[in-house]
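Just one chain follows, in the form predicted on its own, and it is written as structure tokens.
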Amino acid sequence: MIHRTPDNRQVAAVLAAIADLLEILGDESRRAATYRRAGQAVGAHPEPVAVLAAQDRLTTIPGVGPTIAARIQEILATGTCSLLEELRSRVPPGVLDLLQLPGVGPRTVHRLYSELGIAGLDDLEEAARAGRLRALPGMGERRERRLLEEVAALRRRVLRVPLAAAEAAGLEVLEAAASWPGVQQAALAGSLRRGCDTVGDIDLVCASTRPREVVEAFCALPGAAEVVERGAAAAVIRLAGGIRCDLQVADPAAWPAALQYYTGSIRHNERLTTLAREQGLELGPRGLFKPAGGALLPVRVPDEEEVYSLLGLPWIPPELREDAGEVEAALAGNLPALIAREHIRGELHCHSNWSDGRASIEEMHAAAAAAGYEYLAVTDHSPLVVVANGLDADRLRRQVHVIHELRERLGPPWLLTGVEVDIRGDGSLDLPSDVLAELDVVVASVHSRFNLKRDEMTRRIIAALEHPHVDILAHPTGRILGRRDPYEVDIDAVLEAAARTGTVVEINASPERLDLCDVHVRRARELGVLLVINTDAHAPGHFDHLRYGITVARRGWVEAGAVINTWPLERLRAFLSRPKAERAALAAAGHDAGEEDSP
């Protein structure tokens, strides 16, 4: 596979993995902390680390000395480093799987491995069922039961890969495909192209008149850990990261129809196959055909749009191809005009180094300016999130003063004052109302007590929505893709309360969250809930994650007008200045809350 120079995030991940392994092996904690701090600094650094390396400036990154700089050079050259591989060789592979469990960090893994000999999830399950974990200080019977539940949940999750991870792997394969023999066109398809939040496998469709050679090149990819199946025009491999990758090679004349077929869900394709037969055509994985004299003659089409046109439909965006009413809407001429990146004017949920962000307000402002934003809300954490260095009332007021000064000095994008205030277990907020009333925007969210019962969690969140100063509910289900399931909550009741109270609901674009999910997004719009797409950025590079939130919104059939950060600044400020009861009343009457005469 073609080697891509790792970006800051990927280099930081290798340094963090070294720190984890050093702690798991019980090596000196100061050395592990050094690698961890360096990884955090690299991940937050505004300049590409590859550029710094080329200019011999790696040691200008805080916490990066000559030794770690040499490690970074090795990572940039190879994607890994000898220290990481040496440390990995000293522990059974299953030990690292334990880090995927919520609340289990490297120190806990060290104790499990060194004191109880637990070398993987199977060992952990066996020890928990035998009651051996409670022998460790601080573990206890309740923690044992919880770990058993987490292991079961993890086994369910690992069958699918989060969208961002699948996309990164898929793009590497797609880049390699450009050099394969006779490949005229290539594209990713399947659930990845549809933008599903998790992906079971990567689908690659190539157009070539030399399918056997393409299959051979595909199976010979350096990143292929296993060839699962191999045929004349198709193959399946498993990549080194564990995800399955499926190749289909189509004749160039049939490629547009093949791309359509391998993109749509099974049920979407069944609907289109029925429509094709009504038009006297046959649609399948090999392309589009017209029966003639007992034979099937290929129908040549220039692109996917023509495939849909021959079936009597307008082109249906890939994100909608789920048989969720899109075919009926297309036949009726009622497909939504889906939101796109160019509609977004600002960010209403980001963090600075006043709390757990990795950059200053000025650096986040510069990144927002580079993204073309018109406004940026700084919403650092409240004090309940102790590990995030949350702001109490006094520090928040000092930050507000600083932001007012920066507005005049920095210019566009316009800085909005804000906070991400924690929702306590009883539904009260982590800051007093008089402080919240001074801010431009208040984002509320849950960061603790995820194990409340369903009715308790629902009441907790609804109580926050009813607060007069809560403008936005952030990451409403608390999920972390591949690591933490959503907490138990009646999301329909929460969305109904959001509509009733005039509270905006967030689509969190962080690739580890994508929360709300597309199904709940569509339900929110059915109820008249206004949305916002935020990146929850903790570093300048995180603004790039916006595309994932856009994808979720598109899968939820969202048009631009329903998303408040597509509005111009003055319209947004007018919306935020209204009492929430007025916002809800206007929305219920079929208007947005920013303009009296807008549908």
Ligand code: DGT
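A quick note: this is a predicted structure, and the numbers were derived from the prediction, not measured. In this text, residue numbers run from 1 along the sequence as written.
Missing here is the form predicted in complex with this ligand; even so, the following discussion is about that form.
Shown alone, this chain has one stretch from 336-344, 258-266, 130-138, 304-312 that lies within 4.5 Å of this ligand in the predicted bound form by heavy atoms: 258-266. This ligand in the predicted bound form comes within 4.5 Å of no heavy atom belonging to residue 326.
When contacts are judged by a 4.5 Å heavy atom cut-off, residue 150 does not count as touching this ligand in the predicted bound form. Contact annotation for residue 190: at least one heavy atom lies within 4.5 Å of this ligand in the predicted bound form. Within 4.5 Å of some heavy atom of this ligand in the predicted bound form lies at least one heavy atom of residue 194. This chain lacks the partner; the member of 479, 110, 520, 160 within 4.5 angstroms of this ligand in the predicted bound form by a non-hydrogen atom is 160. Exactly one listed residue, out of 144, 485, 251, 203, brings a non-hydrogen atom to within 4.5 Å of this ligand in the predicted bound form: 203.
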